[in-house]
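One chain comes next, on its own, written out as structure tokens in the form predicted alone.
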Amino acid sequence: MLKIQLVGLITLVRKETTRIFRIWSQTILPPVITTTLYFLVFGNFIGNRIGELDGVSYMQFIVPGLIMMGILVNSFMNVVSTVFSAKFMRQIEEVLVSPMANSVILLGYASGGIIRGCIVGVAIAIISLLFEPLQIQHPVLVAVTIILTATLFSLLGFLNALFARKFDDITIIPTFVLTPLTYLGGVFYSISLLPDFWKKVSLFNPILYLINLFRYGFLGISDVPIARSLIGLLVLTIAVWFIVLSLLKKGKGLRN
């Protein structure tokens, strides 16, 4: 039985990985090009006028946030698009009637998002070296944050796909939720520069904690408590895993 589950998991992961590299011009290239433009416009042109922020150059300050943005958006988009496409073409039914456990199915699809998020994150980090040397003060924290963030947003992408009824539904969350929260999550600025009211409002943005946790791993600076951010990320990832797994077992959005 364990062998069957392992074979099923490997098959799903291989399928998702093959898809990512087969259409690399859609999955990897666009976020890399977009982020390169951010480096040029914000980091290079505007950054030279701003100077230092929190004791580091402006380019160094925005690099962790841009890497994190690439990871979470691409992890989410990979899973929501592939799962909804499988629903739309009724391929998901073949997976559901297979001997694979629901947890294996969820892990297999989520792995595709994790892999794509990590590939895009590494590609952005390499591009950043063309503009500024990359500092990593806490490599273990950086690695843990990458894996947990990619896992969390892959699971959220799966959740979105379960409730999506048409292709437009898979773009609503990235466009109207993820993008605004990311831009307002301290990618390009420190919330210490904001007035007190907007500083307090920013603290309700969950992505703020992810970006600052990641920035602390690189530069050792953060606007929020690191321990609270890490524990919150871990707890939220586990909670979303069980929520999505429960919905998958009920066949929510898949069998009706």
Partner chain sequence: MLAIEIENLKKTYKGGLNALKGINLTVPDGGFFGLLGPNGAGKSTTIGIICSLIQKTSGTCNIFGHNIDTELEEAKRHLGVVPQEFNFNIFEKCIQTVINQAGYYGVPAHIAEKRANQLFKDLGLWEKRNTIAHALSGGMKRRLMIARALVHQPRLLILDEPTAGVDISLRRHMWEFLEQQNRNGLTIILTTHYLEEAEQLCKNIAIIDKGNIIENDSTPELLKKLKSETVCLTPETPLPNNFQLDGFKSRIASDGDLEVELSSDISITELLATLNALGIVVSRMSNKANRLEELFLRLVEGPSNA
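Remember, it's a predicted structure, so these values are computed and weren't measured experimentally. Numbering follows the first chain given and starts at 1.
Unshown form predicted together with its partner chain; subsequent notes refer to it.
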**Request:** Using a 4.5 Å heavy atom cut-off, state whether residue 12 contacts its partner chain in the predicted bound form.
**Result:** yes
Any of the heavy atoms of residue 123 lying within 4.5 Å of its partner chain in the predicted bound form?
no
- Although its partner chain is absent from this view, report whether residue 166 comes within 4.5 Å of it in the predicted bound form, heavy atoms only. no
May I ask you to check whether residue 181 falls inside a 4.5 Å heavy atom distance of its partner chain in the predicted bound form?
no
Full three-residue contact with its partner chain in the predicted bound form, heavy atom 4.5 Å, for 148, 229 and 234
no
With the partner omitted here, the residue among 140, 130, 89, 172 that in the predicted bound form has a heavy atom within 4.5 Å of its partner chain is 89
In contact with its partner chain in the predicted bound form (heavy atoms, 4.5 Å), from 173-181, 152-160, 70-78, 99-107, is stretch 99-107
Those residues of 1-28 with a non-hydrogen atom no more than 4.5 Å from its partner chain in the predicted bound form are 1, 3, 4, 5, 7, 8, 11, 12, 14, 15, 22
